[in-house]
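Only one chain is shown below, in structure tokens, and it's the form predicted on its own.
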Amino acid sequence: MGRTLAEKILLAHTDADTLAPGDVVMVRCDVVMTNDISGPMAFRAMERMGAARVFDPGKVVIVPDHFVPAKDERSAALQKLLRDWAHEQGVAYYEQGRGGIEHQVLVEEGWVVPGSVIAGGDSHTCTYGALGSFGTGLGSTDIAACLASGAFWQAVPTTIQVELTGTRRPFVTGKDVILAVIGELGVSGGLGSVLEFVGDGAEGLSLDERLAVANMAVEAGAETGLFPADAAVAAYLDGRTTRPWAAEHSDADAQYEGSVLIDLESVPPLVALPHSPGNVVPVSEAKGRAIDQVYIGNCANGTITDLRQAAEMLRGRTVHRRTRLIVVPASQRVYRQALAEGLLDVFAAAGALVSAPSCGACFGGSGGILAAGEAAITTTNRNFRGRMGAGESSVHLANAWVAAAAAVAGEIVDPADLGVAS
């Protein structure tokens, strides 16, 4: 019987001769990543395990990104601990001003290659599936074990095949694709599974869009989301990494847990209403909702593609007087690219606040906390109650076109109504 892409990747990282869904196997890591939230807890757990050194300094990456720049004494202390530990262990460390949000940084810096296994101390480690890598988020104790031994226990997941067909409508992006999938599966429909994205519609997504899709696979409950590596991935990695890799695909006779078919021609720009990523409606059904804050950023949709779309919507326009717009490039590279292209000037002229690369307000950390009664529309990946601040606030999820259009109108609108070509 054939194997799925996920099964092939995991098997190549075990000492087992074979495996099947439900088996629990010890999986070797190619990269272990942690940040200023999960890192300090993992370091303490590692000490309790009696491990003094990491298994391989060349395979460990530390990225402070959740509270950067430090917002208070406690977060500053966490970052100092992270920095000191990284330097003492001799592992890769991306200081503020030279990094950004961890998932964007690892992809940009060539740590992620097809067929690899990456254990991350963050639930959106599944982002790396955009490049055909099995990235999975682990708790701090498991990350401690990975740091010490280079391996973790993994239950072999089933795979749900998500076939994307057809041509996208104007203003429809990868964000809408994954919202459509979550709307179909629900927020727990992917539990115990991997989402594997195939079809001409998947191949037509840019790398930035694939990052957004894979990033939010966890919002359907999935272990990770996978795109088989193709020519687009090879072009992206050319000159970016020296790590060896080979493109793998699921076998034709692989067994799937289920399948989802998304005809992209039927997908309009979408909005996930409060308070669940699965509460998905066409933007037309959300029109007219007043918006206090627009936030364009995060590890799903803070890429240069997102910033270009937002700038195109804002060029020659201004942010509505009752609304504020916060733009957060996902990394220092994205920030500098946006600067070089004049996008930051477009944002500033429109009345937006451009912030440093950070997880920021996405998880209610800093830099855009919502007050009770306020409504936001964001390109982030979660809109749970209280996610970005007060429990009585509300968060809508959408793509950068829709978010920027809302900033101009002061309410949710269809971006097509503003007369901008996508």
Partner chain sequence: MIAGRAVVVPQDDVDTDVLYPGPFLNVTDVTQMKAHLFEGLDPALRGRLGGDTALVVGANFGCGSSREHVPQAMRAAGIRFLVGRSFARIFHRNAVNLGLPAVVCAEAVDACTEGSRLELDFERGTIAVDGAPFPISPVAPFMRAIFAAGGLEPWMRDRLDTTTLVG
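Fair warning: this is a prediction, and the values are worked out from it, not measured in the lab. Residue numbers count along the first chain shown, from 1.
One more form of this protein, predicted in complex with its partner chain, exists but is not displayed; see below.
S.K.: Considering its partner chain in the predicted complex, which of Thr241, Gln96, Ser149, Gln89 comes within 4.5 Å of it through any heavy atom?
M.R.: That would be Ser149.
S.K.: Which one of Leu344, Val187, Leu237, Val260 is close to its partner chain in the predicted complex, taking close to mean a heavy atom within 4.5 Å?
M.R.: In short, Val187.
S.K.: Can any non-hydrogen atom of Leu78 be found within 4.5 angstroms of its partner chain in the predicted complex?
M.R.: Result yes; Leu78 sits at the interface with its partner chain in the predicted complex.
S.K.: So in the predicted complex, is its partner chain close enough to Gln154 to count as touching (4.5 Å, heavy atoms)?
M.R.: Yes - in the predicted complex, heavy atoms of Gln154 and its partner chain come within 4.5 Å of each other.
S.K.: Is Glu209 close to its partner chain in the predicted complex, meaning a heavy atom pair under 4.5 Å apart or at it?
M.R.: Residue-level check for Glu209: no, no contact with its partner chain.
S.K.: Even though the partner isn't displayed, in the predicted complex is Arg74 close enough to its partner chain, meaning a heavy atom within 4.5 Å?
M.R.: Heavy-atom contact with its partner chain at 4.5 Å: present for Arg74.
S.K.: Among 229-237, 247-255, 200-208, 115-123, which stretch has residues with heavy atoms no more than 4.5 Å from its partner chain in the predicted complex?
M.R.: The contacting stretch here is 115-123.
S.K.: Within 4.5 Å of its partner chain in the predicted complex, do Val24, Ala45 and Gly50 each have at least one heavy atom?
M.R.: The answer is yes: all three residues contact the partner (heavy atom, 4.5 Å cut-off).
S.K.: Given a 4.5 Å distance limit between heavy atoms, list every residue of 318-337 close to its partner chain in the predicted complex, or none if there are none.
M.R.: Contacting residues: none.
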